[in-house]
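Next comes just one chain, in structure tokens: the form predicted alone.
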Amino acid sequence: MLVRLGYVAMNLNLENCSPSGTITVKTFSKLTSEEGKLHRLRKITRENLNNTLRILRYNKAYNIDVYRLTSKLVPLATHPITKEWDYIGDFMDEYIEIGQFIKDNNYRISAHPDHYTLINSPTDKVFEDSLRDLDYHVKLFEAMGLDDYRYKLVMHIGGVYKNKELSIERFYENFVKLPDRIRKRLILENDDKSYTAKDVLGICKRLKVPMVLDVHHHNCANEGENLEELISDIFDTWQDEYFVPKVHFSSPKSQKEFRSHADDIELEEFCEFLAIAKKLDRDFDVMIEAKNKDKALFNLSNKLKEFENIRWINEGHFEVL
């Protein structure tokens, strides 16, 4: 059973390498000239794109094939205040270079639109804003030449809005309305409050969409199901996909702040999950969602060297025997 490790957006080992530089609407509005505003947007975006490529090159050096792009790559991209700005055309060379590097190294690249992207909202404006945000993410993938639908966007189901069943039906209705270029990239994840792994699995089966199992979220929100009852069906939602199933993993910050992510991954908890997954003996990828980002990945990877039933291959890959 081969497992690959990845991490989210920020890299803590590289100096001055944030891919998420931004500017507030308030600060942007205070700039006096249109030329000055455009200059600021271009400067921040160029730095974000350059830092993204630096991170991808770093990942290659350390054999990390799984990575989530930041949603903040282009500042204020979906805000009405920048609606006249061509943030794609201004940086085509940079997008193409990043995309070519991703394709050359067969990286598994994804993005995760923010929590306010809610396609099951009963409010038309929220749905329209969510569609705009999804379109922004897909435009970035398309500009990078990542036209293959293997490059995914992770989404939660959304709110309950006082009626879970109706909210799920509204999710179905709005999901099928989405343009193919967006809809075919979406994969769905269980959350830590409202929609359990069992809920999301049922939705994914109906829509024939891959499901991302978030182990920590399952521990936060479930109705007594254990993962051994669900994991086979969850992994089966990936059977027609290019990449193997993907799992999100984090550890609770504390018992008091259980939903919050810890700095690192708790080793015993991770090994317990590996034991469950080993019963299926299917390859999968793990997105580490810890505050220490790439450092958390290395900390976990190095600890796994100590186990006799694990063949450590390199920083980003290991095999459970």
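Start at 1 and count along the sequence shown; that's the residue number. In this text the structure is predicted, and so the values were computed from the model without any measurement.
Only in words, not in the display: the form predicted together with the DNA, which the text now covers.
Participant: Indicate whether residue 63 is a 4.5 Å heavy atom neighbour of the DNA in the predicted complex.
Facilitator: Output for residue 63 is no: heavy atoms all beyond 4.5 Å of the DNA.
Participant: Answer yes if any heavy atom of residue 115 is within 4.5 Å of a heavy atom of the DNA in the predicted complex; otherwise answer no.
Facilitator: Residue 115: yes, in contact with the DNA in the predicted complex.
Participant: So in the predicted complex, does residue 299 come within 4.5 Å of the DNA, heavy atom to heavy atom?
Facilitator: Outside the cut-off, so no.
Participant: Please determine whether residue 99 contacts the DNA in the predicted complex, using a 4.5 Å cut-off between heavy atoms.
Facilitator: The answer is no: residue 99 has no heavy atom within 4.5 Å of the DNA.
Participant: Is it the case that 25, 30 and 160 all touch the DNA in the predicted complex, with a non-hydrogen atom of each within 4.5 angstroms?
Facilitator: Affirmative, all three are within 4.5 Å.
Participant: Given the stretches 228-236, 115-123, 145-153, 175-183, which is the single one in contact with the DNA in the predicted complex, using a heavy atom cutoff of 4.5 Å?
Facilitator: This holds for exactly one stretch, 115-123.
Participant: Could you check which residue among 94, 191, 129, 90 gets a heavy atom within 4.5 Å of the DNA in the predicted complex?
Facilitator: Partner contact (heavy atom, 4.5 Å) among the options: 129.
Participant: Pick from 282, 37, 293, 68: which residue has any heavy atom within 4.5 angstroms of the DNA in the predicted complex?
Facilitator: None of the other options qualify; the answer is 293.
Participant: Even though the chain is shown alone, can you say which residues of 259-288 have a heavy atom within 4.5 Å of the DNA in the predicted complex?
Facilitator: Residues within 4.5 Å: 259, 260, 261.
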